[in-house]
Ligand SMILES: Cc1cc2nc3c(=O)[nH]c(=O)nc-3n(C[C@H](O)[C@H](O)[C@H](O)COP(=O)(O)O)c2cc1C
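Shown below, as C-alpha cells, is a lone chain in the form predicted alone; questions about how it binds or moves come after it.
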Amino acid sequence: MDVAKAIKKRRSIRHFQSKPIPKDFEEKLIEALLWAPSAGNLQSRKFYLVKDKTVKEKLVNLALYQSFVLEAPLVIVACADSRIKRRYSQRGRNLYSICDTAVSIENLMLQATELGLGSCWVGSFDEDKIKEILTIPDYLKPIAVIPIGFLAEKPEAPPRAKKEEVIEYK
C-alpha cells in the first residue's frame, strides 16, 4: 500500500475482533514507532504495550469508560519524555517531546492501516492514574492511549475541511 492510500484509508476504529495480532505485525508496529522523526534525533518518547486484560480493564475505567479499549488485543500508551529539555529548554519539554510522540503515533497508525489493523487515538483519560497503574516515571507524560486490532467495523471517511480553509500561500 502506498502512503497516500494508507493516509486516506486510516479510520478511528472503535470495534475490534478478538483475534490476536501476529508477532511479526507487532514488530512492524514497533518499527514504525522507532523510525519516526524527532527533534534533534533525541527520540523523546516511550511506549507501553498492554496486552493484559486486567490492565486493559483499568485503562477503560480511566479513559471515560470507552469499552472498545478492552476489545483491542493490543493497547499502546504513548508518552512524551520531558528530559528533552536538556537540549531544547522549555520549548523542548512543552512542545517538541509532544510532537515527537505524536509523529510516532501517526507512523504507528499508518503502519497498522497497511497491515489491515485498526486503531484509535484516545486522548481523554486520567493521566495521573494511568501513570500510577503502569508505574510511569514523572518525566514521562501520557499523550494517548491507542487500542489496535483487526477491524470489526469499517466506518466511512468523515468530511474534511476544504483546502481553501486550511491552506494559505504567501
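Counting begins at 1, following the sequence as shown. Just so it is clear, the structure is predicted and the values come from calculations on it, not from any experiment.
One more form of this protein, predicted in complex with the ligand, exists but is not displayed; see below.
Undergrad: Going by a heavy atom distance of 4.5 Å, is residue 160 a contact of the ligand in the predicted bound form?
TA: Residue 160: yes, in contact with the ligand in the predicted bound form.
Undergrad: Examine residue 120 and determine whether its closest non-hydrogen atom to the ligand in the predicted bound form is within 4.5 angstroms.
TA: Contact with the ligand, yes.
Undergrad: Would residue 11 show up as a contact with the ligand in the predicted bound form if we use heavy atoms at 4.5 Å?
TA: Yes.
Undergrad: Decide whether residue 67 counts as a contact residue for the ligand in the predicted bound form under a heavy atom distance cut-off of 4.5 Å.
TA: It does not: once the ligand is placed as it appears in the predicted bound form, residue 67 has no heavy atom within 4.5 Å of it.
Undergrad: Sort through 123-131, 110-118, 49-57, 32-40 and report the only stretch with a non-hydrogen atom within 4.5 Å of the ligand in the predicted bound form.
TA: Partner-contacting stretch among the options: 123-131.
Undergrad: Under the 4.5 Å heavy atom criterion, name the residues of 15-45 that approach the ligand in the predicted bound form, in sequence order.
TA: Not one residue comes within 4.5 Å of the partner.
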